[in-house]
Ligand SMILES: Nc1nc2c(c(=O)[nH]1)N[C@H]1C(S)=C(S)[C@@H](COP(=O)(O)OP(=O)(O)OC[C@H]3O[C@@H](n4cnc5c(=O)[nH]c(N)nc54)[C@H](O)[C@@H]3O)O[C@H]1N2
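Given as structure tokens, the chain that follows is alone and in the form predicted on its own.
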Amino acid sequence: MNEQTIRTTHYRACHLCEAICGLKIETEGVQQEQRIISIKGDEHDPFSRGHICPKAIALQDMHDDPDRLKLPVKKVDGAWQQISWEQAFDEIAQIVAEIQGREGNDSLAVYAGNPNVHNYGNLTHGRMLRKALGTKQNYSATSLDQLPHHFAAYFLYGHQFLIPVPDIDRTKFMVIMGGNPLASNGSMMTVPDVKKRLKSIQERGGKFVVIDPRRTETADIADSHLFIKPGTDIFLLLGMINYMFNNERVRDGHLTNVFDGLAEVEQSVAGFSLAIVSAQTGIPANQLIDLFDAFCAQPESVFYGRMGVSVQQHGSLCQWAIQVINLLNGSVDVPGGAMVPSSAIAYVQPGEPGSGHYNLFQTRVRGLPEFGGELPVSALAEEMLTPGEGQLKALFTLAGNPVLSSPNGRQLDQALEKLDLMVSLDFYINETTQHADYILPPTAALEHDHYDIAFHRLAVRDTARFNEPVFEPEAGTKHDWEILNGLSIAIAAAKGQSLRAMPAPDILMDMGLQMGPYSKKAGSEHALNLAKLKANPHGIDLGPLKEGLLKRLCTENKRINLAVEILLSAINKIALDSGHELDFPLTLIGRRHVRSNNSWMHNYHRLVKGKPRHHCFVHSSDLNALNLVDGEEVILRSRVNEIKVQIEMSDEVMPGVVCLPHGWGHDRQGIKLEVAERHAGVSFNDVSDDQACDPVTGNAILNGIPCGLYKLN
């Protein structure tokens, strides 16, 4: 080895999904010219215990990607031209001031994508941009994903982030509905090494059951799997609540004496008999009874529902019903049930900011409600395309690709072309940012520090870990928080206002740690601060999930009101499914893969190599009925659009169901992402319906979409 060559070992957590697995990254090189030579799991991480998935290995691809932008670009006569940060901030600020001065503050919208939650600089400093813009038109991937979870937590427990998660390490009976944690690594449930944790349930004499229209990777290792007709989850959930009331399965627990509305809930679910539930879901009544009895017989049990449950017509009702089931079983705030994590930073308790609010204002065109200051993204395109007062004229996107991730993406594609200004904080020219006038690229993940604020709030074990950067950022580049500070101050100045820059996020983290539940101030033996986390690069174990929800309830009366009026009203409007429309005899669902996270990991060779993953799964009986052949290219048609898909016969899906992955469709003109282009696939959201959404929250419906398959002419 050359004596000038330096080999260094770095420890940090992977930021590519919610599991936040600990990594051991080895680099080698001379001075600033370091390169990654190894990425492995950190066996000393107390949470992930050495486990990683294939996504972590692709961090090298992300860092070295030649397609990644590093300095600002401006579109000039249809071509991209590199400009300085000062020019970018000044020009954007002047245009924003002119548009908002002419059209009003709400003529400009902000959309924040999924990667923001994986980057703490965006989380801490995104508010700066929103403050400078002063718009109510805020959108994010929340209403494409987990909004029903926050809605249920807000109304039941008083805070949108007071969300109980499965205590998977101690449970003895777990129901997983519409979730595939072996592919997602957990979602709204931060759970590294989930396969081993699920198998541990069985090893200690417990069981776990999967309910899903597809026999997923998680279902393959479960004790049992129940096929369910897409979109009918609410019948099973309300039927289970009814069964618990009718068969004396409601268990008294330490939270029972703070319940309100029990009688109203019992009355509202009275019509959901086993016969109706079985007819609607397709699950035989005897299997339903076995499931309900097994769950209720075990106090250390937990019901968990995820993406497939949230993004359907009754997603908000479903997530509320899951909470009610756990509450009625006495499984909330008890070991082995559903417990609220005690995060070292942003610990949720009475007085914690950001509790949430609902329906304080609505979208202009369709009147969809806001939640927590955000409007449903299903309305974004129509707010741009519909003329009249309040029409959106400008858009900022923060690390998002809504053309691929939001309903009716082709419509949004068209809408973005009509804007007076579009600015994107992103380091790729992708299906969305190709429409931008300016792209402001931040440093990549390995070039800055990080703390997983959001995912420690959802973790199945309490830990804390600070990530130091692996590489020094290149000269002239900026971190996302530096971009947000500079841009926001420039916009405010152009509007005749003033803003002060926020401190760096690590300073904010240190303040949060020293005010949190494990601080010296709180009398904790851990006495956490940033210096202590930096001195423990593998992270610090803070123990299993802890009881104490009663003290942390954020409702005004410190009680849990089960009878949420708007939801009980929605129950009365649930219609029985009378069958499919003739034009759309099939139902479309999505699927996840362990080497993907939405649309933002498809330009890394390690994650897209191998057998194509964007085929449409079809049951053999449907192939025969439609006279289709395995491997054939066909038309998949919905109400809004049609796409060409290659079908793959699969008995993983139940008859009548077709299954297509989310996040593909890298075939738009103007995209210059080499790997993504070669693995284009088709976009699920070219056929999802922007007009179909959860009637309570406006959350997108991305599961259970009526469709049909047709031969090419």
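What you are looking at is a predicted structure, and each value in this text was computed from that prediction instead of being measured. Position 1 is the first residue in the sequence shown; the rest follow in order.
Missing here is the form predicted in complex with the ligand; even so, the following discussion is about that form.
When the ligand is placed as it is in the predicted complex, which of 638-646, 566-574, 176-184, 150-158 ends up with heavy atoms within 4.5 Å of it?
Heavy-atom contact with the partner occurs in 176-184.
So the ligand isn't shown here. In the predicted complex, which residue out of D167, D480, E383, D333 has a non-hydrogen atom within 4.5 Å of it?
If I apply the 4.5 Å criterion carefully, the residue I get is D480.
Contact residue in the predicted complex, chosen from G126, G539, P230, P341 - any heavy atom within 4.5 Å of the ligand:
By the 4.5 Å heavy-atom cutoff, the listed residue in contact is P230.
Taking 4.5 angstroms as the cut-off for heavy atoms, does H450 touch the ligand in the predicted complex?
No, H450 stays farther than 4.5 Å from the ligand in the predicted complex.
Would you classify G253 as touching the ligand in the predicted complex, given a 4.5 Å non-hydrogen atom cut-off?
Contact check for G253: no, nothing within 4.5 Å of the ligand in the predicted complex.
Report yes if any heavy atom of F684 sits within 4.5 Å of a heavy atom of the ligand in the predicted complex; otherwise report no.
Yes, F684 lies within 4.5 Å of the ligand in the predicted complex.
In the predicted complex, P585 touching the ligand (heavy atom, 4.5 Å):
It does not: once the ligand is placed as it appears in the predicted complex, P585 has no heavy atom within 4.5 Å of it.
On the criterion of a non-hydrogen atom at 4.5 angstroms or closer, are Q319, A459 and H526 all touching the ligand in the predicted complex?
The answer is no: none of the three residues contacts the partner (heavy atom, 4.5 Å cut-off).
Stretch 202-235 - residues with a heavy atom within 4.5 Å of the ligand in the predicted complex:
Stretch hits, in order: I211, D212, P213, R214, T216, I228, P230, G231, D233.
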